[in-house]
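Before any questions on binding or motion, here is one chain by itself as C-alpha cells, the form predicted alone.
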Amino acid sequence: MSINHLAPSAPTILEPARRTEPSTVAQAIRFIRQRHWSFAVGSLLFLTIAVLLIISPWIIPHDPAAQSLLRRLAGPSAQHWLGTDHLGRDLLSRLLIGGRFSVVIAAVTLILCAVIGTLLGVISARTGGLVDEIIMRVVDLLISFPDVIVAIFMIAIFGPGYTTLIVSLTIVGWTPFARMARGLTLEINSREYIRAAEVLGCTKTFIIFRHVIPNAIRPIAAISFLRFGHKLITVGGLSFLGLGVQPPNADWALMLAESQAYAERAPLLVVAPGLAIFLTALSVTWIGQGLEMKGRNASKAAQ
C-alpha cells in the first residue's frame, strides 16, 4: 500500500455561494415599487409620452406641415387616425412633433433654473454675510415679478424665439430653488460630518459638492418635478398668445390657439393637444409627489 494512500486527505474548503447581482431592469422595478403609487404611475405615463416624442420623427404617418385643403377638418379615418386640421394637416403627426418643442423647452428651462438656483442658494448659505444678503435681496426682488410678465417683456424687446423664451423664463424661475437650497444648506451645516470636514481643513468647494449638494438633491429633485407642470403650462400659455413657438412649427398650445374657431365642427382639434398637455403635466407632478412622500417617510423614520 502506498504512503500517499495512507496519508489523510486534506479537508475540502467549501467556497461561499456567489451572490447574483440583480439585473438593471430588476433594480429599476424594485426602485419604483419602493416609492409611492403616484411615482410608479407617473413614471410609467411620462416614460410612455417621452418614448413617443423621441421616436416621433420615425413613426409619424404624414408630414406634419403637408397641407391638403380637400381634406380639411376631416374626421378620424384609416389614413388620418385623429383627423386633419383646418389646413388639411394630419393631427396625429402634428401632435407627436409638437410635443417635442413644448416638453424640451420646459425641461431645458427647468434644468437651468434648478442648477442656477441650487448653486446660488448653497453659496449664499455657506458664505453668509454680505454675499448672503445680496443674493437673498435679489431673490426677493425677482420673485415679485410673474414669470409670464418677464417673458412678455423680453419677447417684446428681442422678439419671439426659443432662446428668448428659455432665457426669459430662467431669469425669474431660479428664485424658488435658491430659497429652498439655502434653507436645506442651513440645516445641513449643523450636522456633525460638516463640522468634521471643516476641522479636517476641507475647502468650501469640496464641502459644497461632496456633502451639501448630495444631501439636498432629493428635495430639490422633488420640487423640480412638481414645477415642471408649471413651466409646461407657462410655455403653452405664451405659445397660445403667439409669443412662443411660431408657425409653421407645431406646438400643443399653438394647435389649441389655431383650432378655437373649429372646435364645434372638429372637437378633436382642441381635445387632443389639451389632453396631451394635461397628461404630461400630471405625470411629472405625480413623480414629484412620489419623491416628496418618500422624503417625508424617510424623515419620520429617522425621527
Partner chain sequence: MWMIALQRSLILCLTLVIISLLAFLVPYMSGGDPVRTIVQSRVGDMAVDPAAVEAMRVHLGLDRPLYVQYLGWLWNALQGDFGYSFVSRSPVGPEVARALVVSFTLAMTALGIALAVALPLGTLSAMRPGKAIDTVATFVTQTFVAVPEYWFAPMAVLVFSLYLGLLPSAGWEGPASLVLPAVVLSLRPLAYFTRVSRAAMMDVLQAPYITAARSRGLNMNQTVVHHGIRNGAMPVVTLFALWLAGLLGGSVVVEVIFAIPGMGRLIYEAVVNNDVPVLQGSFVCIVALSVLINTLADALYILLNPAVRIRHVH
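Small disclaimer: the values here were computed from a predicted structure and weren't measured. Residue numbers count along the first chain shown, from 1.
Quick note: we don't show the form predicted in complex with the partner chain, though the next part is all about it.
Exercise: A107 in contact with the partner chain in the predicted bound form, heavy atom 4.5 Å: A107: no contact with the partner chain in the predicted bound form.
Close approach of S190 to the partner chain in the predicted bound form, 4.5 Å, heavy atom: Close contact is absent here: in the predicted bound form, S190 is far from the partner chain, nothing within 4.5 Å, heavy atoms only.
Contact flag, P146 vs the partner chain in the predicted bound form, heavy atom cut 4.5 Å: Although the partner chain is absent here, P146 would touch it in the predicted bound form, with heavy atoms inside 4.5 Å.
Close approach of V245 to the partner chain in the predicted bound form, 4.5 Å, heavy atom: No - in the predicted bound form, heavy atoms of V245 and the partner chain never come within 4.5 Å of each other.
In the predicted bound form, the residue from R71, R218, K204, H230 that sits within 4.5 Å of the partner chain by heavy atoms: It is H230.
Residue (of I49, L275, I60, V41) lying close to the partner chain in the predicted bound form, criterion heavy atoms within 4.5 Å: Selected residue: L275.
Heavy atom contacts to the partner chain in the predicted bound form at 4.5 Å, residues of 114 to 142 in sequence order: In sequence order, E133, R137, D140, L141 come within 4.5 Å of the partner.
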